[in-house]
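Presented below, as C-alpha coordinates, is a lone chain in the form predicted on its own.
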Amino acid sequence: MEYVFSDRVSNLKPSAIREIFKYAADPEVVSLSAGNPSPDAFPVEAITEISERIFRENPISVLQYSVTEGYTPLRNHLKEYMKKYHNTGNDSDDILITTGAQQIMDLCTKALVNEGEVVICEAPSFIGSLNTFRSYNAKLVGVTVEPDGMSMTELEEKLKANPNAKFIYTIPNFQNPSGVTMSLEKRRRMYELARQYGVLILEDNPYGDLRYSGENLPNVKSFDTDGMVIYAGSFSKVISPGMRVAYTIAPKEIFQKLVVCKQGNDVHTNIWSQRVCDEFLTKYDFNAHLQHLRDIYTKKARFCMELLDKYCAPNITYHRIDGGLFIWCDLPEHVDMPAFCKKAVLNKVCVVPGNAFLTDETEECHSFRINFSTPTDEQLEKGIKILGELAKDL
(Lines give C-alpha, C1' and ligand atoms only; values in the text may rest on other atoms or scores of the structure.)
Protein backbone atom coordinates (compact mmCIF):
# COMPACT_ATOMS: atom_id res chain seq x y z
CA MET A 1 0.00 0.00 0.00
CA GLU A 2 1.38 3.41 -0.95
CA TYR A 3 0.31 6.07 1.52
CA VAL A 4 -0.41 9.60 0.38
CA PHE A 5 -0.42 12.17 3.14
CA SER A 6 -2.14 15.54 3.22
CA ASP A 7 -0.25 18.64 2.16
CA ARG A 8 -0.52 19.85 5.75
CA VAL A 9 1.66 17.09 7.17
CA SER A 10 3.74 15.79 4.27
CA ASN A 11 6.63 18.16 5.02
CA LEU A 12 6.41 18.07 8.81
CA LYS A 13 9.39 16.66 10.70
CA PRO A 14 9.41 15.10 14.16
CA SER A 15 10.14 17.50 17.01
CA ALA A 16 13.90 17.69 17.52
CA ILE A 17 13.35 17.71 21.28
CA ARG A 18 11.16 14.59 21.19
CA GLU A 19 13.77 12.86 19.03
CA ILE A 20 16.51 13.79 21.50
CA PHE A 21 14.37 12.30 24.30
CA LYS A 22 15.09 8.91 22.74
CA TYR A 23 18.77 9.34 23.55
CA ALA A 24 17.95 10.80 26.94
CA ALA A 25 16.17 7.57 27.87
CA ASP A 26 19.63 6.02 28.29
CA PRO A 27 20.24 6.18 32.08
CA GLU A 28 23.89 7.03 31.45
CA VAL A 29 23.00 10.13 29.45
CA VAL A 30 22.81 13.52 31.18
CA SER A 31 19.76 15.18 29.65
CA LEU A 32 20.04 18.96 29.48
CA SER A 33 17.45 18.94 26.69
CA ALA A 34 14.05 18.53 28.36
CA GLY A 35 11.88 21.27 29.81
CA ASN A 36 10.47 19.17 32.61
CA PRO A 37 9.83 20.60 36.07
CA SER A 38 12.11 19.48 38.86
CA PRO A 39 10.95 16.30 40.63
CA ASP A 40 10.95 18.40 43.83
CA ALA A 41 8.42 20.84 42.36
CA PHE A 42 5.32 18.63 42.27
CA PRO A 43 2.70 19.13 45.02
CA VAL A 44 2.17 15.38 45.28
CA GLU A 45 0.62 15.39 48.75
CA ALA A 46 -1.94 18.06 47.86
CA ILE A 47 -2.88 16.36 44.57
CA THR A 48 -3.34 13.07 46.44
CA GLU A 49 -5.54 14.68 49.11
CA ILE A 50 -7.70 16.47 46.54
CA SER A 51 -8.11 13.38 44.38
CA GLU A 52 -9.03 11.15 47.30
CA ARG A 53 -11.63 13.65 48.44
CA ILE A 54 -13.16 13.97 44.98
CA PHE A 55 -13.37 10.20 44.42
CA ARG A 56 -14.73 9.63 47.92
CA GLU A 57 -17.40 12.35 47.84
CA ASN A 58 -18.48 12.71 44.21
CA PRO A 59 -16.63 10.35 41.83
CA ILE A 60 -19.16 10.53 38.98
CA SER A 61 -18.52 14.27 38.62
CA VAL A 62 -15.01 13.55 37.28
CA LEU A 63 -15.80 10.31 35.44
CA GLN A 64 -18.67 11.68 33.34
CA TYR A 65 -18.52 13.92 30.26
CA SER A 66 -18.21 17.63 30.92
CA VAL A 67 -18.65 20.92 29.05
CA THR A 68 -16.23 22.08 26.37
CA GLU A 69 -15.64 25.51 27.89
CA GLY A 70 -14.17 23.96 31.04
CA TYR A 71 -15.08 23.39 34.67
CA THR A 72 -17.07 26.49 35.58
CA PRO A 73 -15.63 27.08 39.07
CA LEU A 74 -12.08 26.87 37.67
CA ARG A 75 -12.92 29.32 34.89
CA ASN A 76 -14.44 31.76 37.39
CA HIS A 77 -11.56 31.44 39.84
CA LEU A 78 -9.00 31.95 37.06
CA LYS A 79 -10.82 35.09 35.91
CA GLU A 80 -10.63 36.46 39.46
CA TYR A 81 -7.02 35.38 39.99
CA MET A 82 -5.73 36.78 36.69
CA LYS A 83 -7.54 40.08 37.22
CA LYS A 84 -6.38 40.44 40.82
CA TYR A 85 -2.73 39.48 40.41
CA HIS A 86 -2.02 40.29 36.74
CA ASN A 87 -4.68 42.82 35.70
CA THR A 88 -5.43 40.49 32.80
CA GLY A 89 -8.86 39.95 31.25
CA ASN A 90 -11.95 42.17 31.15
CA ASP A 91 -15.70 42.01 30.51
CA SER A 92 -15.20 41.64 26.75
CA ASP A 93 -13.10 38.45 27.26
CA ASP A 94 -13.95 34.89 28.16
CA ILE A 95 -11.81 31.98 29.33
CA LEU A 96 -11.48 28.49 27.86
CA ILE A 97 -9.78 25.57 29.61
CA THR A 98 -7.61 23.57 27.20
CA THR A 99 -5.62 20.36 27.09
CA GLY A 100 -2.24 22.01 27.59
CA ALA A 101 -1.11 25.31 26.12
CA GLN A 102 -0.09 23.51 22.93
CA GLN A 103 -3.80 23.10 22.19
CA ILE A 104 -4.26 26.87 22.39
CA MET A 105 -1.75 27.30 19.57
CA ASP A 106 -3.57 24.66 17.55
CA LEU A 107 -7.06 26.09 18.12
CA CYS A 108 -5.97 29.66 17.37
CA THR A 109 -4.27 28.64 14.15
CA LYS A 110 -7.22 26.52 13.08
CA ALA A 111 -9.68 29.33 13.83
CA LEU A 112 -7.71 32.27 12.45
CA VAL A 113 -5.17 31.25 9.80
CA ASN A 114 -5.81 30.18 6.23
CA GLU A 115 -3.16 28.27 4.26
CA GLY A 116 -0.38 30.58 3.15
CA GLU A 117 -1.24 33.35 5.60
CA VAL A 118 1.51 34.69 7.84
CA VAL A 119 2.25 34.07 11.49
CA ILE A 120 4.98 36.37 12.83
CA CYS A 121 7.17 34.65 15.41
CA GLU A 122 10.17 35.44 17.53
CA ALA A 123 13.40 34.00 16.13
CA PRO A 124 14.24 31.76 17.90
CA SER A 125 10.91 30.53 19.27
CA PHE A 126 9.27 27.48 20.85
CA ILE A 127 9.49 24.51 18.49
CA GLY A 128 6.12 23.06 19.53
CA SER A 129 4.27 26.19 18.50
CA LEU A 130 6.26 26.55 15.28
CA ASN A 131 5.35 22.99 14.27
CA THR A 132 1.69 23.67 15.04
CA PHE A 133 1.70 26.72 12.77
CA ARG A 134 3.48 24.71 10.07
CA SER A 135 0.85 21.96 10.29
CA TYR A 136 -1.74 24.43 8.96
CA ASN A 137 0.56 25.54 6.14
CA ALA A 138 1.03 28.96 7.66
CA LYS A 139 3.96 30.99 6.40
CA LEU A 140 6.33 31.67 9.31
CA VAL A 141 8.11 35.01 9.44
CA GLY A 142 10.79 35.36 12.10
CA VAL A 143 11.75 38.51 14.01
CA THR A 144 15.10 38.63 15.79
CA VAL A 145 15.09 38.29 19.58
CA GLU A 146 17.34 40.93 21.13
CA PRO A 147 18.54 40.97 24.77
CA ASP A 148 15.36 42.87 25.75
CA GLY A 149 12.95 40.96 23.50
CA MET A 150 11.74 40.92 19.92
CA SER A 151 13.15 43.73 17.74
CA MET A 152 10.34 46.26 17.32
CA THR A 153 12.04 47.90 14.33
CA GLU A 154 12.20 44.57 12.56
CA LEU A 155 8.66 43.69 13.67
CA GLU A 156 7.30 46.82 12.01
CA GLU A 157 9.24 46.03 8.83
CA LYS A 158 7.77 42.53 8.75
CA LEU A 159 4.25 43.85 9.38
CA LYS A 160 4.60 46.27 6.48
CA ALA A 161 5.93 43.52 4.22
CA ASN A 162 3.23 41.00 5.20
CA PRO A 163 -0.22 42.59 5.13
CA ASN A 164 -1.78 39.12 5.40
CA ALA A 165 -0.22 38.47 8.82
CA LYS A 166 -2.86 37.05 11.17
CA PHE A 167 -1.10 37.21 14.53
CA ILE A 168 2.18 37.86 16.29
CA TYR A 169 3.29 34.96 18.47
CA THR A 170 5.35 35.98 21.50
CA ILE A 171 6.68 34.48 24.73
CA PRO A 172 7.50 37.71 26.60
CA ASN A 173 8.66 36.20 29.92
CA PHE A 174 11.86 34.10 30.06
CA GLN A 175 11.36 33.12 26.46
CA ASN A 176 11.78 29.54 25.35
CA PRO A 177 14.46 28.95 24.16
CA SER A 178 16.42 32.20 24.63
CA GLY A 179 15.52 32.93 28.26
CA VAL A 180 15.07 36.61 27.27
CA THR A 181 12.42 38.82 28.89
CA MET A 182 10.74 41.51 26.81
CA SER A 183 11.07 45.02 28.24
CA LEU A 184 8.04 47.06 29.27
CA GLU A 185 8.75 49.56 26.50
CA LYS A 186 8.72 46.81 23.87
CA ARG A 187 5.54 45.26 25.26
CA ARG A 188 3.75 48.58 24.86
CA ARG A 189 5.25 49.12 21.41
CA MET A 190 4.19 45.66 20.26
CA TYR A 191 0.61 46.37 21.27
CA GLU A 192 0.70 49.73 19.48
CA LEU A 193 1.99 48.08 16.29
CA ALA A 194 -0.66 45.36 16.48
CA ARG A 195 -3.35 48.03 16.68
CA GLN A 196 -1.79 50.08 13.91
CA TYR A 197 -1.58 47.14 11.49
CA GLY A 198 -4.72 45.31 12.61
CA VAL A 199 -2.91 42.14 13.68
CA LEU A 200 -3.71 40.00 16.72
CA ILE A 201 -1.15 39.04 19.37
CA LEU A 202 -0.93 35.51 20.80
CA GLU A 203 0.83 35.93 24.14
CA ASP A 204 2.21 32.64 25.50
CA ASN A 205 3.16 32.86 29.17
CA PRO A 206 3.96 29.46 30.71
CA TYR A 207 6.93 30.71 32.75
CA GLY A 208 5.77 34.10 34.03
CA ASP A 209 5.36 32.94 37.65
CA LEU A 210 8.93 31.62 37.75
CA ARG A 211 10.83 34.88 38.18
CA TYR A 212 14.05 34.72 40.22
CA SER A 213 15.22 38.32 40.05
CA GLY A 214 14.11 41.74 38.84
CA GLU A 215 10.65 43.27 38.81
CA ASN A 216 7.49 41.65 37.48
CA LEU A 217 6.35 43.17 34.20
CA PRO A 218 2.72 43.49 33.07
CA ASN A 219 1.32 41.04 30.56
CA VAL A 220 0.76 42.42 27.07
CA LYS A 221 -2.86 41.34 27.56
CA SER A 222 -3.15 43.81 30.45
CA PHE A 223 -2.93 46.67 27.90
CA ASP A 224 -5.69 45.18 25.75
CA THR A 225 -8.59 47.59 25.42
CA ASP A 226 -9.29 46.74 21.76
CA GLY A 227 -9.63 42.95 21.73
CA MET A 228 -6.21 42.48 20.11
CA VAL A 229 -4.59 39.94 22.46
CA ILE A 230 -5.17 36.24 23.09
CA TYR A 231 -3.48 35.14 26.33
CA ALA A 232 -2.23 31.60 26.95
CA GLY A 233 -1.59 30.46 30.52
CA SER A 234 -0.77 27.01 31.85
CA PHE A 235 -0.54 24.89 34.99
CA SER A 236 2.14 22.67 33.42
CA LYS A 237 5.16 24.42 34.94
CA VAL A 238 3.50 25.33 38.25
CA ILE A 239 1.47 22.21 39.13
CA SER A 240 1.98 19.34 36.68
CA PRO A 241 2.58 19.00 32.92
CA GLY A 242 1.14 15.49 32.94
CA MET A 243 -2.28 16.80 33.95
CA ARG A 244 -2.45 18.85 30.71
CA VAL A 245 -4.45 21.83 31.99
CA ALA A 246 -4.04 25.26 30.43
CA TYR A 247 -6.31 28.23 29.72
CA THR A 248 -6.76 31.00 27.22
CA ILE A 249 -8.25 34.42 27.84
CA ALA A 250 -9.58 35.71 24.54
CA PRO A 251 -12.08 38.23 23.17
CA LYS A 252 -15.53 36.63 23.31
CA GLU A 253 -15.98 36.41 19.55
CA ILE A 254 -12.69 34.53 19.22
CA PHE A 255 -13.47 32.46 22.33
CA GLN A 256 -16.68 31.18 20.70
CA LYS A 257 -14.79 29.96 17.63
CA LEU A 258 -12.14 28.31 19.80
CA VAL A 259 -14.88 26.42 21.66
CA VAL A 260 -16.32 25.09 18.39
CA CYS A 261 -12.85 24.03 17.21
CA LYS A 262 -12.17 22.28 20.52
CA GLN A 263 -15.43 20.35 20.22
CA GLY A 264 -14.05 18.82 17.04
CA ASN A 265 -10.70 18.22 18.70
CA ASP A 266 -11.15 16.51 22.09
CA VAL A 267 -14.67 17.52 23.29
CA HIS A 268 -13.35 18.78 26.63
CA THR A 269 -10.25 18.82 28.83
CA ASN A 270 -9.79 16.10 31.45
CA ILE A 271 -12.29 17.02 34.15
CA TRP A 272 -10.42 15.33 37.03
CA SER A 273 -7.33 17.43 36.24
CA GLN A 274 -9.44 20.58 36.12
CA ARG A 275 -11.00 19.83 39.50
CA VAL A 276 -7.58 19.24 41.05
CA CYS A 277 -6.22 22.52 39.65
CA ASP A 278 -9.29 24.41 40.88
CA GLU A 279 -9.04 23.10 44.44
CA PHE A 280 -5.29 23.62 44.55
CA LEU A 281 -5.79 27.20 43.39
CA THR A 282 -8.55 27.96 45.91
CA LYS A 283 -8.15 25.68 48.96
CA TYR A 284 -4.36 25.63 49.26
CA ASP A 285 -1.84 28.46 49.48
CA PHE A 286 -1.10 28.76 45.77
CA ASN A 287 1.13 31.80 46.15
CA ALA A 288 3.22 30.01 48.80
CA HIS A 289 3.58 27.11 46.38
CA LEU A 290 4.78 29.49 43.64
CA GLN A 291 7.36 30.90 46.04
CA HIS A 292 8.51 27.34 46.80
CA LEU A 293 9.04 26.78 43.07
CA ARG A 294 10.96 30.04 42.74
CA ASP A 295 13.23 28.99 45.62
CA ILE A 296 13.96 25.65 43.91
CA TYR A 297 14.65 27.14 40.48
CA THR A 298 16.56 30.17 41.71
CA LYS A 299 19.08 27.85 43.32
CA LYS A 300 19.30 25.58 40.27
CA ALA A 301 19.58 28.47 37.79
CA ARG A 302 22.35 30.17 39.74
CA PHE A 303 24.22 26.90 40.11
CA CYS A 304 23.93 26.25 36.38
CA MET A 305 25.28 29.68 35.48
CA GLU A 306 28.16 29.24 37.94
CA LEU A 307 29.02 25.94 36.24
CA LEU A 308 28.93 27.55 32.79
CA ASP A 309 31.28 30.26 34.03
CA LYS A 310 33.57 27.68 35.62
CA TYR A 311 33.77 25.04 32.89
CA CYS A 312 32.75 26.66 29.60
CA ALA A 313 34.11 30.20 29.44
CA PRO A 314 35.27 31.61 27.11
CA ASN A 315 34.44 28.96 24.48
CA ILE A 316 30.72 28.89 25.30
CA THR A 317 28.95 32.13 26.17
CA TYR A 318 25.37 32.45 27.39
CA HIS A 319 22.60 34.88 28.21
CA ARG A 320 21.98 35.32 31.94
CA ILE A 321 18.36 34.82 32.92
CA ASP A 322 15.93 36.28 35.47
CA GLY A 323 13.51 33.35 35.40
CA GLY A 324 12.19 30.37 33.49
CA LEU A 325 13.82 27.00 32.88
CA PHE A 326 16.22 27.51 29.95
CA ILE A 327 19.60 29.00 29.11
CA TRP A 328 20.65 29.85 25.53
CA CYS A 329 24.30 29.12 24.83
CA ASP A 330 26.45 30.42 21.96
CA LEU A 331 29.42 28.73 20.36
CA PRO A 332 32.14 30.59 18.42
CA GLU A 333 31.18 31.15 14.78
CA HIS A 334 33.90 28.79 13.51
CA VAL A 335 32.39 25.86 15.44
CA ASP A 336 29.89 23.59 13.66
CA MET A 337 26.98 23.62 16.13
CA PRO A 338 25.13 20.51 14.84
CA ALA A 339 28.39 18.55 14.92
CA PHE A 340 29.01 19.80 18.46
CA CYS A 341 25.54 18.64 19.59
CA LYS A 342 26.02 15.23 17.97
CA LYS A 343 29.41 14.87 19.65
CA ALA A 344 27.80 15.83 22.96
CA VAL A 345 25.25 13.01 22.55
CA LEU A 346 28.06 10.54 21.82
CA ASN A 347 29.65 11.73 25.06
CA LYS A 348 26.40 11.13 26.95
CA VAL A 349 25.10 14.71 27.15
CA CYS A 350 21.92 15.87 25.40
CA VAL A 351 21.30 19.51 24.44
CA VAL A 352 18.92 20.92 21.82
CA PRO A 353 20.44 22.37 18.62
CA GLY A 354 19.47 26.02 18.19
CA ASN A 355 18.29 25.71 14.60
CA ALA A 356 15.36 23.59 15.85
CA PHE A 357 13.86 26.82 17.20
CA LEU A 358 14.13 28.87 14.02
CA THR A 359 11.34 29.62 11.57
CA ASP A 360 13.78 28.41 8.89
CA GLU A 361 15.65 25.40 10.29
CA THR A 362 18.20 25.56 7.45
CA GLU A 363 19.49 28.95 8.65
CA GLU A 364 23.00 29.01 10.03
CA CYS A 365 22.97 28.84 13.81
CA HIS A 366 25.75 28.63 16.41
CA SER A 367 23.57 28.28 19.51
CA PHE A 368 22.01 25.51 21.57
CA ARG A 369 19.58 25.36 24.48
CA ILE A 370 20.09 23.73 27.84
CA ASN A 371 17.64 23.05 30.65
CA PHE A 372 18.64 23.05 34.32
CA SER A 373 15.36 22.25 36.09
CA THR A 374 15.33 18.47 35.58
CA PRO A 375 18.89 17.19 36.25
CA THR A 376 20.29 16.77 39.74
CA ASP A 377 23.16 19.04 40.75
CA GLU A 378 25.57 16.16 40.19
CA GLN A 379 24.21 15.49 36.71
CA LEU A 380 24.24 19.19 35.88
CA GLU A 381 27.90 19.53 36.85
CA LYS A 382 28.87 16.38 34.97
CA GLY A 383 27.04 17.44 31.82
CA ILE A 384 28.28 21.02 31.72
CA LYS A 385 31.84 19.93 32.41
CA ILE A 386 31.67 17.61 29.38
CA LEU A 387 30.25 20.44 27.22
CA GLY A 388 33.11 22.68 28.30
CA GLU A 389 35.70 20.04 27.43
CA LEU A 390 34.14 19.44 24.01
CA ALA A 391 34.02 23.16 23.23
CA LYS A 392 37.65 23.53 24.25
CA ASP A 393 38.65 20.69 21.91
CA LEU A 394 36.74 22.24 18.99
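Everything quoted here is computed from the prediction, not taken from an experiment. Don't overthink the numbering: it's just position in the shown sequence, from 1.
Beyond the structure shown, there is the form predicted together with another copy of the chain, which is absent from this document and is the topic of what follows.
- Taken together, 166, 226 and 254 are fully in contact with another copy of the chain in the model of the complex: each brings a heavy atom within 4.5 Å.
- Taking non-hydrogen atoms only, residue 114 approaches another copy of the chain to within 4.5 angstroms in the model of the complex.
- Although the partner is absent here, residue 109 lies within 4.5 Å of another copy of the chain in the model of the complex, judged by heavy atoms.
- Though the partner is left out of this view, residue 362 does not reach within 4.5 Å of another copy of the chain in the model of the complex, counting heavy atoms only.
- Heavy atoms of residue 392 never reach within 4.5 Å of another copy of the chain in the model of the complex, leaving it off the interface.
- Note on the partner interface in the model of the complex: the residue among 284, 136, 212, 81 having a heavy atom within 4.5 angstroms of another copy of the chain is 136.
- Note on contacts: among 248, 170, 173, 269, the single residue with a heavy atom within 4.5 Å of another copy of the chain in the model of the complex is 269.
- Annotated contact segment (heavy atom within 4.5 Å of another copy of the chain in the model of the complex): 238 to 246, selected among 153 to 161, 308 to 316, 83 to 91, 238 to 246.
- Contact annotation for 36 to 63: residues with any non-hydrogen atom within 4.5 angstroms of another copy of the chain in the model of the complex are 36, 37, 39, 42, 44, 47, 48, 51, 52, 55, 59, 60, 62, 63, listed in sequence order.
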